[in-house]
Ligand code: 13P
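The chain below stands alone and is given in structure tokens; this is the form predicted on its own.
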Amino acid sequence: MTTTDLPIILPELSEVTVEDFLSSETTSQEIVQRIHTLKEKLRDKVVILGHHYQRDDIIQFADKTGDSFELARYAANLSDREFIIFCGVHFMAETADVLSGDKQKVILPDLKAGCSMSDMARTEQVLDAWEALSEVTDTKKICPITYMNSSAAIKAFCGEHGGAVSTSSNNKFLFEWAFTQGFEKIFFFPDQHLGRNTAFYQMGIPLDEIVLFDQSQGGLGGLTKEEIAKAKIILWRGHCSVHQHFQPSHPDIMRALYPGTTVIVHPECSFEVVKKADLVGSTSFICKTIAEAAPGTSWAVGTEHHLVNRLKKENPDKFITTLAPYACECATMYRISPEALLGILEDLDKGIVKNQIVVGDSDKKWAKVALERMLEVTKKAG
């Protein structure tokens, strides 16, 4: 889309803001008060974690807000808290269980709060892909690295095969580490976009050495032996549904609507969107950058809209809007409701533990290895 095309659609879009898609908080005061009362009663036993993408009527009850790994580590350090209530999605609660102590129990308020990206890399698919690759190349020279947004079983697979876990902020460090360990290739899952953006934009790896393994095709994932032999990065075919709402036309639209605006996006966005952005980084990077920006600056943010709306409230001296001309929310994260949280707290008050997330011993062992490798690499990288 060119700027000469924009005036045709801008009059409509100029009336569309993120607020149009954000209903006011509807939780009754009775529920709010009941949660606060039970929190106080159980405060020596319970810690409530709220992921950045949660809506405000959940965040108001959180003892700690942050990204998934930050929250899991925080809770694990609270050894005196028996119950970790993770207001996030399933893989986050699993990570908390991997890192938590033997006497701690991790609870997910709604067991249906999953992650579509995590679900795109199932254990049996990864094992089949690994076996197929072993028939055409030496898998001992392939380092499996999985994004934090994956199941404990996939993290365990990486740990057991010499690989590690990564986050959007340290993915480059883990890629570099893999090559310094003597691996010739990286098999990265489940988010193809984070992998491609890291490899090309941050490391300068040519696109013809970055290939996509399409697990739906079986066998070699639609790749030839020659493509696999040439590849330095093999990407799993997965993505974040929220960040795929952002399109390459959106930066053009927002810059035309709001001259001088800075486009800042998460690296889970597509290759084309990242190319058009002014700044790219993790959720923490986005929050920090905007918080430290000069008053009066303008920002179009390419990430989940509950976080964007919270940034707007926390930075009233700046103009902040979502990059897309419509709201993009994590629907599964939204399943965590105040009513579900209240139900968990009421059960705990009665001595009943529901929705506990338990990772098996073997997966817990190897997933922890993969996570510890990540921590070591990140620490050395400074």
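One-based numbering along the sequence shown. Note that this is a predicted model, so its numbers are computed, not measured.
If you look for the form predicted in complex with the ligand, you will not find it shown, but the lines that follow are about it.
Undergrad: Of 168, 151, 192, 100, which residue is found within 4.5 angstroms of the ligand in the model of the complex when only non-hydrogen atoms are counted?
TA: The option sitting close enough to the partner is 168.
Undergrad: From the list 147, 236, 175, 299, which entry has a heavy atom within 4.5 Å of the ligand in the model of the complex?
TA: Exactly one listed residue reaches within 4.5 Å, namely 147.
Undergrad: Which is the contacting stretch out of 86 to 94, 250 to 258, 154 to 162, 128 to 136, given heavy atoms within 4.5 Å of the ligand in the model of the complex?
TA: One stretch meets the cut-off, namely 86 to 94.
Undergrad: How about residue 51 - does it come within 4.5 Å of the ligand in the model of the complex, if we only consider non-hydrogen atoms?
TA: Flag for residue 51 set to yes.
Undergrad: Consider residue 57 of the chain shown here, and say whether it contacts the ligand in the model of the complex, taking contact as heavy atoms within 4.5 Å.
TA: The answer is no: residue 57 has no heavy atom within 4.5 Å of the ligand.
Undergrad: Going by a heavy atom distance of 4.5 Å, is residue 283 a contact of the ligand in the model of the complex?
TA: Heavy-atom contact with the ligand at 4.5 Å: present for residue 283.
Undergrad: Although the partner isn't part of this model, could you tell me whether residue 266 comes within 4.5 Å of the ligand in the model of the complex, counting any heavy atom of the residue?
TA: Residue 266: yes, in contact with the ligand in the model of the complex.
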